[in-house]
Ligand code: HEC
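Form predicted on its own, single chain, as structure tokens, below.
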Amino acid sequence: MVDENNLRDHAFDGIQEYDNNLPAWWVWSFVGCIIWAVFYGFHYHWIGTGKIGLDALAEENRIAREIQIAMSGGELSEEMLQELSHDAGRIEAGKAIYVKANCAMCHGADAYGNVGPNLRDNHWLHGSDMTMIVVSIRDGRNNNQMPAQGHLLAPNDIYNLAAYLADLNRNTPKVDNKTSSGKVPEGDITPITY
């Protein structure tokens, strides 16, 4: 309802305005937005319990990968495996699996080789792509010289271990495709470039 007595004194281009109160729904919507903004700021910016931007995208991609792994029945494409080899969480989990699965017994505590080959140089007996690393871990190689781990480790653990080995290899300095220490290189030169 418009009160004719609430006309403002000023006029612009011959137009006068009424001085009415804002509708209650509008005022409460405005107050609600302010309260929401305070909680939003605390949750996403000041306390940091929420994820936004690239952090949120990375988390969504991680969840999507986990769903894809679960739905794939254990078989992943080379591209997917290469992407997993850059996931810091998987690399850390793979490091723990390296110890748990007694890989150090044959490959050494730092994977420079012992009875088994050096996993840190650019020489690979069966190829350096992620699919071949996963197959080597899962199915074993060379008439059980590399024992199969598929019956001991879940597919996700095998992917984590492969991600750890790929990351370890990528981050090891090499001269002429060899490491400064460790077992003498075996196999073909196939550096990890992904």
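Numbering starts at 1 and runs along the sequence shown. Predicted, not measured: the structure shown is a model, and the values here were computed from it.
The protein also exists as the form predicted together with the named molecule; that form is not presented, and the subsequent description refers to it.
A.B. asks: Is S77 part of the interface with the named molecule in the predicted bound form - any heavy atom within 4.5 Å?
C.D. replies: Heavy-atom contact with the named molecule at 4.5 Å: absent for S77.
A.B. asks: With heavy atoms only and a cut-off of 4.5 Å, decide whether G116 touches the named molecule in the predicted bound form.
C.D. replies: Yes, G116 sits close enough to the named molecule in the predicted bound form that at least one of its heavy atoms falls within 4.5 Å.
A.B. asks: How about A93 - does it come within 4.5 Å of the named molecule in the predicted bound form, if we only consider non-hydrogen atoms?
C.D. replies: So A93 does not count as contacting the named molecule.
A.B. asks: Evaluate L125 for contact with the named molecule in the predicted bound form, applying a 4.5 angstroms cut-off between non-hydrogen atoms, and reply yes or no.
C.D. replies: Because a heavy atom of L125 falls inside 4.5 Å of the named molecule in the predicted bound form, the answer is yes.
A.B. asks: Looking at 133-141, 60-68, 45-53, 28-36, which lies within 4.5 angstroms of the named molecule in the predicted bound form, counting heavy atoms?
C.D. replies: Contact-bearing stretch, as computed: 133-141.
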